[in-house]
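The same protein chain appears twice below, in two forms, each given on its own as structure tokens and labelled structure 1 and structure 2.
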Structure 1
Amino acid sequence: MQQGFELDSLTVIPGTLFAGLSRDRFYDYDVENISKISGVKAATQVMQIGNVTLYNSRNNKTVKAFVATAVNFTDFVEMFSDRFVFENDVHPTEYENDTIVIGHKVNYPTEDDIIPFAVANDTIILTLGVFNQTHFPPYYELNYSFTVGGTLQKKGTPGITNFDYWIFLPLETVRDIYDTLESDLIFVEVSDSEESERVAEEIEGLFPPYKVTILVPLTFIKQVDRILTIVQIFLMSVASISLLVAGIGIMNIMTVSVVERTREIGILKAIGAKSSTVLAMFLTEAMLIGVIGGLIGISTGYGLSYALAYMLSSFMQPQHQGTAFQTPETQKMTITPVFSPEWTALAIIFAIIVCIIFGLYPARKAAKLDPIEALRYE
């Protein structure tokens, strides 16, 4: 299982991924129905709160949490045990109604922070924003006291959810605060990742058409593999055509060179040069063309790769949005080209081999020239 991109974990979203606050919600019976599907190992629901403010009176510090999520700790921690790794191995022996777990990026807001915002057993004042149309003003803030059960180690993620930016609260407590039985997401763990697509189809069947979106990591990986395969075939086709054109060009250039140097070849043979010597001479020239062309090609490839990576990275700026799927770390993307010395050497060797193959015909033609006829050539 890869951290942050667990192949055996499905994410069920009401409506579409980017529907925002206008989408529908889930209820307890939705989780129960999903749990009954064959192949489902566990299902748990979460409730998103959005940005909240945390205050620690012990050190008089205030931080903001990018994503505040209410979870059933028992189910959630068991489902994502690989990512629930606590600092200093200090973790809650049990989760109470006032327990809070803090992600690494919340506890250390900047890279320069060496002193954590909070440690286990600290008392935190949590400021929540509440919207109630019957209240005036409709939006107001409430303060609640929570005890830090533990702080998570930095894990990062290659997937869509990054727990480093999350804080975790007890689901039932948050439901009481907001007076609701709704939840925003359902995480589903399947017994076998190969069955995830089938399970996703059965989950969709529990809801009206187009009412849920299910994120299936295995399907995503298969789609990416198909796209990369198509791109690879296309690039190989282009490279093959380019290689053929380049080879023909090398052959033509060397053939012209043989014609222009006919008298030179005749003189070499007249003074005792063997056909093998002439053949080796022209093949050596072909090798030099391969070495020079390979070095120029590699240098150009290096330069274009870094230029393209810089251009793509400049377009991928972080977007600060308060959702579980968009965090500064998941949105910001820096592309760095990686070059293998082995592949670089192989590229030069391949260029030399191509030049030798396409230079063999003109080299043999030069080696077979009759010295008397060559000396007569004007």
Structure 2
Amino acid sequence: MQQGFELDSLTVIPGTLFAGLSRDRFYDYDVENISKISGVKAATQVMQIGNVTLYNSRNNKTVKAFVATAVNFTDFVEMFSDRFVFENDVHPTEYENDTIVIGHKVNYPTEDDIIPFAVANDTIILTLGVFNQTHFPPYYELNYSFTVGGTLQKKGTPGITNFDYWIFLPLETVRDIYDTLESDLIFVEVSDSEESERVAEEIEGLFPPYKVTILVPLTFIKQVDRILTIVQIFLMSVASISLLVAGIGIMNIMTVSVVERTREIGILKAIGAKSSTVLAMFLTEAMLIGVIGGLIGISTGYGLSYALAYMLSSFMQPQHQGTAFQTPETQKMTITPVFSPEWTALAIIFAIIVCIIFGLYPARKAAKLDPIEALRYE
């Protein structure tokens, strides 16, 4: 799956939004416990380091990466086989302690870049920021040498993490650098996406209350779906009311028209028009109102939906820029209205049917007029 959500993938984050993001971390045994839950296919932990700088000694180039992610390569390649795809099929035969994998956007920072920042087997000097309170100054930078194992293909933004902006380092090496056994995130793959909510609940049960947040794509999709359903019901009820009002309006106009043309109807009947002819005449008129009204409605709807889509798109800006979950590519979300010929035709047919239904009463009224009385009408 290259686009949309990876429904079978859960992300476990320490802390909750309500309790504030705590400094809690995960450990190896957390991953082990999660792996034991039934329905979990695989689980892997990652550690994330903020802005890092990469220097390639071969071509003397420097780039910055938003997120350096320390991973267990073996697990990672298996879990994200769709997204963790190497450029030109050049991938490491073995992941060493100094292997680095570079995301597409880090390797080609701008659209114009044709020559990559690095290729496999290049030596990269990585500058990492370290924060240590026992040290003075508490923040300092360290340089480490890594060998490029491969570079990734461009994959866009499936779900909430965009590998294009990431670089990947071996978890054990980074743990050694920081002298820690902790990790920041756990990625979980479930065997059946339908079970993802149950699995998420069980994972939550492993931790004390309010210690973890689990991002479940299925739940997110269900919530969006629920909101859309509510919006749809609301729009339907507004539409039904407008339809009723419009229908009564049509009935009113046509009744007035019948009264105004009483004499004409009398003349037509006197010269031999049957009641059914008069009925057909007025129903045709109602149908014409439907066709013209339908066409006006469709063109108005066309214009309005583009205006609305434009407005909504400009509202949908991300709140947290530059974090692990928001990357420059997710910043703009565009909504494009979809017009299908079937629905357009259906709308016109519906408009015609409404006009005929509400035109029936005045048309029958006209058809039933007594010719002599109609002729006397002033």
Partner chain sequence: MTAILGVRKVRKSYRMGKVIIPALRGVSFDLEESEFLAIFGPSGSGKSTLLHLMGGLDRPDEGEILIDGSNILELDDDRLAELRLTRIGFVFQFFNLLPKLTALRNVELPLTIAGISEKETLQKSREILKLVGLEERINHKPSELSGGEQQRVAIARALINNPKIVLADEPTGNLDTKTGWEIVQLMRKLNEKKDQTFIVVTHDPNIAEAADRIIHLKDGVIEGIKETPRRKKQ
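From a predicted model like this one, the values you see are computed outputs, not experimental measurements. Sequence positions of structure 1, starting at 1, serve as the residue numbers. C-alpha atoms forming the largest set that superposes within 1.5 Å between two forms make up the rigid core.
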Have a look at both and say which one is the form predicted in complex with its partner chain.
2
Between the two structures, rigid part of residue 13 equal to that of residue 97:
yes
I need the hinge angle between the two structures, given as the rotation of the smaller rigid body against the larger one from C-alpha superpositions, in whole degrees.
12
Aligning on the rigid core, what is the distance the CA of residue 268 moves between the two structures, in angstrom?
8.3
Rigid core superposed, I'd like the Cα shift of residue 293 between the two structures in Å.
5.0
Taking the rigid core as the frame, how far in Å does the Cα of residue 252 move between the two structures?
3.7
